[in-house]
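The chain that follows stands alone, in the form predicted on its own, written as structure tokens.
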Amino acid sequence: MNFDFSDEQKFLRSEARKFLESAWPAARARGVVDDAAQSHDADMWRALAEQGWLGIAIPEPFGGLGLSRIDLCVIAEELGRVLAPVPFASTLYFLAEAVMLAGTADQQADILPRIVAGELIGAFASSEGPGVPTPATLRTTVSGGKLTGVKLPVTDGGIADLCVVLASEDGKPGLFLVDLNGPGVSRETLKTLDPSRGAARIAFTDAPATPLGAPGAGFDLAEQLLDRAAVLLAFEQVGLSDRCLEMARDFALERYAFGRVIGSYQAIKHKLADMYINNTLARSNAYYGAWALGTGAAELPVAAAAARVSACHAAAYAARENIQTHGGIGYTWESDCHLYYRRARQLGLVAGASIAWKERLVGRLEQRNAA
């Protein structure tokens, strides 16, 4: 069991970091935040497609690079460092993974090449408001191939072309593919804390829907999909957390107060040390999740939940303490600190809130121990 990246993956990470920090620094996210008409950075999205990153873990027969999901984790971490304002997670972690997990041969042949080419933006719609959807609370229904209901919030739902929707058919939950540019779909933009990633309320009224996976297996498939996404999102959160620590460290070593750099004071040292400990724990759990995801290990449900919980905590803590370390400057609009805080909070809700994952982790550990 190897919990570190290989030399090839470390080289990929180094080259990806050079490319992103030179061409697409975190300040690019500010362009989307400051412009309400922009929902994402379309130029960056095209650049990622040209780099081949949209197909990094998609098999070669569908136009992808055919690399592993651990390679995708490497890219996810670097995108998290620069606050990439693109629908990478919605399209790759959810739509592509759902199609590879449960799609038919025809669905895979139709959808995956378009994702690789950057021609298709995806989304995942399971939430219908506050709380975790359950078979008893699921109100979105499918009848005769037509889907009706309301989903919110749907991350990147305002710009997505194709959506994976959790809905009930004949009383049984299932996953369905819905063309968001087709009939029976209306979208309303929602305001969130992180405007660099859009969200929408989507209303379906007899919208044509195509089954994805076996009938009645919706919640089981959704759980598998969320486990995969949780690991990949954890790497975005680890990248964000590490960048926050670097920002706080650099500022602490250049800012003077009472004749000394503020990094020499015990209070600042404690903040940086706690950020480092949280980040290291989150990285360790993310590596465990990546190993489980990459090998198809039976531990994936536990590893994914552990990665999700620790990454949510590390990102929220690092983003908050980064602002605190910067003092009054950290609270200004001109500082990038708030961009990281906004993204940390947003990532903490995509794929479900941390508290729900804590309950899921405890439940899975109890099941494992009882077996």
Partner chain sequence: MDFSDTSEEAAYRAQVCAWLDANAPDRLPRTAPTSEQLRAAKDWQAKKAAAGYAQISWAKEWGGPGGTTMQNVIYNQEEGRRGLATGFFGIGLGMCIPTVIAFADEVTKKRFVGPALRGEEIWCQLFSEPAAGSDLAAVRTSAVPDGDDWVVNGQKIWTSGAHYSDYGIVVTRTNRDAPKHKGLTMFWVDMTSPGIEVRPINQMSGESGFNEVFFTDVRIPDGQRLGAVDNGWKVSLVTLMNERLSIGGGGGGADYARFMELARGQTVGDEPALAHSAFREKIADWYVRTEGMKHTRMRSLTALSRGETPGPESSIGKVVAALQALNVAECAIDMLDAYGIIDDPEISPMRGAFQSLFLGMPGLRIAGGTDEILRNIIAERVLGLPGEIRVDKDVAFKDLPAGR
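Positions refer to the first chain, counted from 1. A quick note: this is a predicted structure, and the numbers were derived from the prediction, not measured.
Form predicted in complex with its partner chain: not shown, discussed below.
Quiz item: Would Ser126 show up as a contact with its partner chain in the model of the complex if we use heavy atoms at 4.5 Å?
Solution: Because no heavy atom of Ser126 falls inside 4.5 Å of its partner chain in the model of the complex, the answer is no.
Quiz item: Any of the heavy atoms of His313 lying within 4.5 Å of its partner chain in the model of the complex?
Solution: Yes, His313 is a contact residue.
Practice problem: Indicate whether its partner chain has at least one heavy atom within 4.5 Å of a heavy atom of Ala23 in the model of the complex. | Solution: Judged by the heavy-atom cut-off of 4.5 Å, Ala23 is well away from its partner chain in the model of the complex.
Quiz item: Can any non-hydrogen atom of Tyr287 be found within 4.5 angstroms of its partner chain in the model of the complex?
Solution: Judged by the heavy-atom cut-off of 4.5 Å, Tyr287 is in contact with its partner chain in the model of the complex.
Quiz item: its partner chain isn't shown here, but in the model of the complex which of Ala109, Ala298, Ile277, Leu193 has a heavy atom within 4.5 Å of it?
Solution: For this set of options, the contacting one is Ile277.
Quiz item: Here the chain is shown alone; which of Leu67, Val302, Val33, Ala47 has a heavy atom within 4.5 Å of its partner chain in the model of the complex?
Solution: Of the candidates Leu67, Val302, Val33, Ala47, Val302 is the one lying within 4.5 Å of its partner chain in the model of the complex.
Exercise. Look at the stretches 118-126, 253-261, 166-174, 87-95 and give the one with heavy atoms within 4.5 Å of its partner chain in the model of the complex.
Key: It is 253-261 that comes within 4.5 Å of the partner.
Practice problem: Any residue of 75-102 with a heavy atom within 4.5 Å of its partner chain in the model of the complex counts; write them all down in order. | Solution: Residues within 4.5 Å: none.
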